[in-house]
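Listed next as structure tokens is one chain, alone, in the form predicted alone.
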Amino acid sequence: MPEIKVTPLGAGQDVGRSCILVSIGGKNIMLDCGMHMGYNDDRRFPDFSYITQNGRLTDFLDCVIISHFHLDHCGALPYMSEMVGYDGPIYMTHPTKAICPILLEDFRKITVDKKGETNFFTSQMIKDCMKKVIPLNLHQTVQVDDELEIKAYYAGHVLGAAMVHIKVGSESVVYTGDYNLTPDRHLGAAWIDKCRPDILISESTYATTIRDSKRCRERDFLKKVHESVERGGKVLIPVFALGRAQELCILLETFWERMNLKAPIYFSTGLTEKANHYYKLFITWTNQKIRKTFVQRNMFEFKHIKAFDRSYADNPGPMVVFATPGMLHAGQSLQIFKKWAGNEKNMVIMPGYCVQGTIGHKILNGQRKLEMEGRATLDVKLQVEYMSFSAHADAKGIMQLVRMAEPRSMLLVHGEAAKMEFLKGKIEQEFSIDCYMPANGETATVTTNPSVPVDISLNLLKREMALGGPLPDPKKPRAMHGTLIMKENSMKLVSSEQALKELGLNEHQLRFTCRVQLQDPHSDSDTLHRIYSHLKSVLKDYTIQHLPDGTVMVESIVIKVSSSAEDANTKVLLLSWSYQDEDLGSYLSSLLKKGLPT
């Protein structure tokens, strides 16, 4: 039986470093190629030696597909293509292609220029890597080669995020990347066809969470920021430059306007200006409301939110600062956090998921003394709040996607093992499908049942209808007799006459003969007459003839009688029929074996 193999090199029972290998119909595809934010050593990148110990990856992979621009999904791309070696096609959407190199370059600066690491990709490698990228449009079917085709669907989550449907012959896989089924202030909800793939590979970051209503969360967030600012405190909101940042900026901008607040709001510069530029450029990827109001005013041009300068962190008085990155593992957000951590008036609001090993994860777990670089310890006195403005699907969203796509089986990645286990149980129970959750380096093998489409000739269908019998029912299988012709990758079922005509062949008559022994004390001609009468009474719907040459005919079946040489009471019946009457011939031979009525 054909099978599909799925092996996570990253994000198997873990969040971070998404990189999933899929083998389908003889093709090998890499889905995402991310880095792990919690590590600074070799574990940062996926282990490509799993694919090949030496040599380039081009010989082993048919294509690479990147779902969106977050570094845990694209951060290892230049390392893979330029340092390990891959020259094949890399697919991603237009916004991802535009934003990905900016984030990669920014990360390279922090890692190489500031921390002085050596085994890392260069600016030139990022440029060379991006030259191999082929942009995808939504709902456009792209032929990677003669057999492999891919199609992208809108995934919400961040600008340009896509789910991909991968098809080889009649086998298919859907990979969700990160997605969100709740529309927000700047993006629409994820959507996919009822494409019934063999496997749906889904993220499961929030596998056990069912989030409360968005409005409540927004109200809580604004209340906490407002109270802190009123107290004269400073609020730090660590975000990644794209995605939640724009979401929360729109929220605070409208609140400041409505409440006529004066405390300054800052955004760490550089990246965000570029980010907002791309939101304007790819306005069609945002939601309906933003597209409508875009003509009168651009939601991404903020009146109350100003660019941040690092000297502002020491200014007296209240302020709100959005700083990157979102998990407090490096960069400006960490610098500001160190300055403000000692004052209980201040507050840090973590708006999204924090990977294990990051400062964000530690303070959310209640750590109040942090070991920083150079053995220094930092006392955390400020308030720590967690509010999920994450753009991942929650448990309800994941179940909703399963209903949308109707997969034959499910595979979970990008989540913690215990949470996956819980969701796996729910999916298997509710949808009665198999659900897999392989760890990194472990392979899940799914056997597929590919259906082979066969065209059927109209004449054959008409003939079948003319013979009577039940009307066609899509739920019930039905036997059809005909000749199967395979031609140029397609198959069709036609009547044997049509097949002979199309192929220019002569028909050969094939007859089957069988002997049946019968005990009967009468003469041969009497025995034959008794057989004729018996068959007349049993087979009322068939044409039965007693011919002058001493044979009985039932349709095309000929029956002859002769006595055995050893015993005159033992009659030998010869039955002969053409293959069209195979069923009737078998029936008659078994009927006559039972003997004649006395």
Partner chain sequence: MAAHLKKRVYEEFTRVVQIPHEEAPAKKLRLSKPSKSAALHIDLCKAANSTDALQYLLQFARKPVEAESVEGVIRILLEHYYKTDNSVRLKIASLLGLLSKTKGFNPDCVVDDVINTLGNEKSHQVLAQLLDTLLVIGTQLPEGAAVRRRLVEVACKLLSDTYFGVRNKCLQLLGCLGMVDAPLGKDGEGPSSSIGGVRDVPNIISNYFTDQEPRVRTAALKAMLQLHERGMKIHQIIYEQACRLLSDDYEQVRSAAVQMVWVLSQLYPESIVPIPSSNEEIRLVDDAFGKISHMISDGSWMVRVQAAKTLGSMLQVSPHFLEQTLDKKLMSDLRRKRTAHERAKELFASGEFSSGRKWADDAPKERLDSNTVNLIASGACGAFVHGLEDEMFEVRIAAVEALCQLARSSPSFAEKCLDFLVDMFNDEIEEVRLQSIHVLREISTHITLREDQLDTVLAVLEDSSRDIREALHELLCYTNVSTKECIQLALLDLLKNLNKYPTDRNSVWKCLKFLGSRHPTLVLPLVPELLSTHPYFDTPEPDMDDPAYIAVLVLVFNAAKSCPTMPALFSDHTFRHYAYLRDSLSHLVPPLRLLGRKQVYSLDSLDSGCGSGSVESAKLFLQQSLNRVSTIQNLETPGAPDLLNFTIRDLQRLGELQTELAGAADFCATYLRCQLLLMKALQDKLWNMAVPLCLKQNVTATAAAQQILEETYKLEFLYSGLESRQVATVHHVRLQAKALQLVLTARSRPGMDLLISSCEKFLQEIECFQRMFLTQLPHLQDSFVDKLLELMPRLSSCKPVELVKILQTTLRQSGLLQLRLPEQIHRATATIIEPTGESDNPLRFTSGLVVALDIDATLEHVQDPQDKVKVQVLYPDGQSHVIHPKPADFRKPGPDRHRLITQVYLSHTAWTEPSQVEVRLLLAYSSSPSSPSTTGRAGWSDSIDSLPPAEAAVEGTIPFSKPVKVYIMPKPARR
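Numbering follows the first chain given and starts at 1. Being a predicted model, the structure only gives us computed values, none of them experimental. Only the largest set of C-alpha atoms that superpose within 1.5 Å between the two forms is called the rigid core.
Form predicted in complex with the partner chain: not shown, discussed below.
Which of 255 to 263, 372 to 380, 128 to 136, 338 to 346 sits within 4.5 Å of the partner chain in the predicted complex, heavy atom basis: Contact criterion met by 255 to 263 only.
Lys167: touches the partner chain in the predicted complex, heavy atom cutoff 4.5 angstroms: Residue-level check for Lys167: no, no contact with the partner chain.
The partner chain contact at Pro183 in the predicted complex, heavy atom, 4.5 Å: Because a heavy atom of Pro183 falls inside 4.5 Å of the partner chain in the predicted complex, the answer is yes.
Contact label in the predicted complex: Glu117 to the partner chain, heavy atom within 4.5 Å: Contact check for Glu117: no, nothing within 4.5 Å of the partner chain in the predicted complex.
Close approach of Asp309 to the partner chain in the predicted complex, 4.5 Å, heavy atom: No, no contact at 4.5 Å.
Option touching the partner chain, based on a heavy atom within 4.5 Å in the predicted complex, out of Arg211, His522, Lys492, His94: Only one listed residue qualifies here, and that residue is Arg211.
Option touching the partner chain, based on a heavy atom within 4.5 Å in the predicted complex, out of Lys289, Arg478, Lys462, Arg515: Of the candidates Lys289, Arg478, Lys462, Arg515, Lys289 is the one lying within 4.5 Å of the partner chain in the predicted complex.
In the predicted complex, residues of 412 to 430 near the partner chain [heavy atom within 4.5 Å]: Result: Lys419, Phe422, Leu423, Lys426, Glu430.
CA of Ala418, rigid core aligned, shift of 2 Å or more between the shown form and the other one: No, shifts by less than 2 Å.
Rigid core fit then Lys280 CA moved by 2 Å or more between the shown form and the other one: Comparing forms between the shown form and the other one, the Lys280 CA shifts below 2 Å.
Exceeds or equals 2 Å, Cα of Arg258 between the shown form and the other one, core fit: Yes; that C-alpha moves by at least 2 Å between the shown form and the other one.
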